[in-house]
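Just one chain is shown here, as structure tokens, and it is the form predicted alone.
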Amino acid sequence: MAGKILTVIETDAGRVRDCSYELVTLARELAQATGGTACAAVLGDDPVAAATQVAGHGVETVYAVKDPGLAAYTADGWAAALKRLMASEGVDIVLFSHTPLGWDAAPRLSAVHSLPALTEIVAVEDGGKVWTRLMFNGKFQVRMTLDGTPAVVTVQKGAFPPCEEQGQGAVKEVAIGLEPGAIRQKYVETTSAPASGKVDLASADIIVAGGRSIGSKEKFGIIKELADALGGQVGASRPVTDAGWLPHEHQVGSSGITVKPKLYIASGISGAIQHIVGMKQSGYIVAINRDKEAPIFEVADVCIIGDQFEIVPALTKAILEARGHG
């Protein structure tokens, strides 16, 4: 695999999403290991501005793939455009983020054009010869080899750090010329749930997160009390939000929010890979769990083995006393 490794860029209102810069990091690593080239593609009816943003992060070539049919996202349009780009530019690997867009576009590209695919990748070894992916809702990690290229890969958010700005690559405009009949889907509108204005985990300096072992919505008060004492935000694992104890906006993990606070306290969270990839880049991690074998301890800076219903209130009391509120 010494060809081109192509990152498919996602944007939101013209801004490149952080998950795409994580893919750039992986593309660079693969290119360096194999003697290939890391490149990227921004799709749209006017993609040059976003492509220029990506080029500023040291990507050698960023393709601004332009067509009126790409004004709004459709799996048909993206699959057709990427297939043509792959053929014309000699792309070996296409990297998507494992996001709702990636879930939709990557399998369409793979199935329609008979390309091998790997999904939900969390680690890569030996220059792309061995890929680790999640299976059975993250309960198992499977190491696999990729048989043949070109190929399509989706990568878990948070599995790789986002790249930094370094150098200026070239933007290459590519006119695809899609036939309108090739796009069977029609974009109607985008709707978003109204923001509560109370939770912003992505920019929080301190997060205290609780897991399923808290036991109930009512008992989650100990997590909130500690977060309030520290001046932080309340986070949660997916089972907590699935149970309705907290809204989804509190969920940390690959299917929730990826966070990088200065301090992350995880109470009663075992450490499934989906949660860890969403918080492992925190500055300082404190984990509280009764199970000394809990996976969360592998990424924690401080490991506290014990009963969270004793430890968390004691921490809250000590903090309030130290601040003169005890």
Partner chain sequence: MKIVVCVKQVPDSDAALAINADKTWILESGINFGLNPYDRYALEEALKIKDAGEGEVVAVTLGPDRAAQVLKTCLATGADRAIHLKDDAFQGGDPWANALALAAAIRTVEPDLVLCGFQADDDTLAQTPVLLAGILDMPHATGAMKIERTDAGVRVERELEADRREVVDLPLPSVITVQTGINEPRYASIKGIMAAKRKEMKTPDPADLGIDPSQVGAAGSRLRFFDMAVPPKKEGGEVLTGTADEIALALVKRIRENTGVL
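Positions refer to the first chain, counted from 1. On a predicted model such as this, the values are computed, not experimentally measured, just so you know. If you superpose the two forms and keep the largest set of C-alpha atoms that fall within 1.5 Å, you have the rigid core.
Missing here is the form predicted in complex with its partner chain; even so, the following discussion is about that form.
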Discussion item. Contact check in the predicted bound form: P116, T190 and K317 versus its partner chain, with a cutoff of 4.5 Å between any heavy atoms. Do all three pass?
Written reply: yes
Worksheet item: Since the chain is shown here on its own, which stretch among 37-45, 260-268, 24-32, 50-58 would lie within 4.5 Å of its partner chain in the predicted bound form, judged by heavy atoms?
Response: 260-268
Worksheet item: Hey, in the predicted bound form, does M135 get a heavy atom within 4.5 angstroms of its partner chain?
Response: yes
Discussion item. Does any part of S203 reach within 4.5 Å of its partner chain in the predicted bound form? Heavy atoms only, please.
Written reply: no
Worksheet item: If you check in the predicted bound form, is D147 within 4.5 Å of its partner chain, heavy atoms only?
Response: yes
Worksheet entry | Contact label in the predicted bound form: L85 to its partner chain, heavy atom within 4.5 Å | no
Item to complete: Note which of V199, A170, V130, A71 lies within 4.5 Å of its partner chain in the predicted bound form, where distance is taken over heavy atoms; exactly one does.
Response: V130
Worksheet item: Rigid core fitted, then: does R238 show a CA shift of 2 angstroms or greater between the shown form and the other one?
Response: yes
Discussion item. So, superposing on the core, is the move of E249 at the CA at least 2 angstroms between the shown form and the other one?
Written reply: yes
Item to complete: Using a rigid core alignment, state whether the CA of E298 is displaced by 2 Å or more between the shown form and the other one.
Response: yes
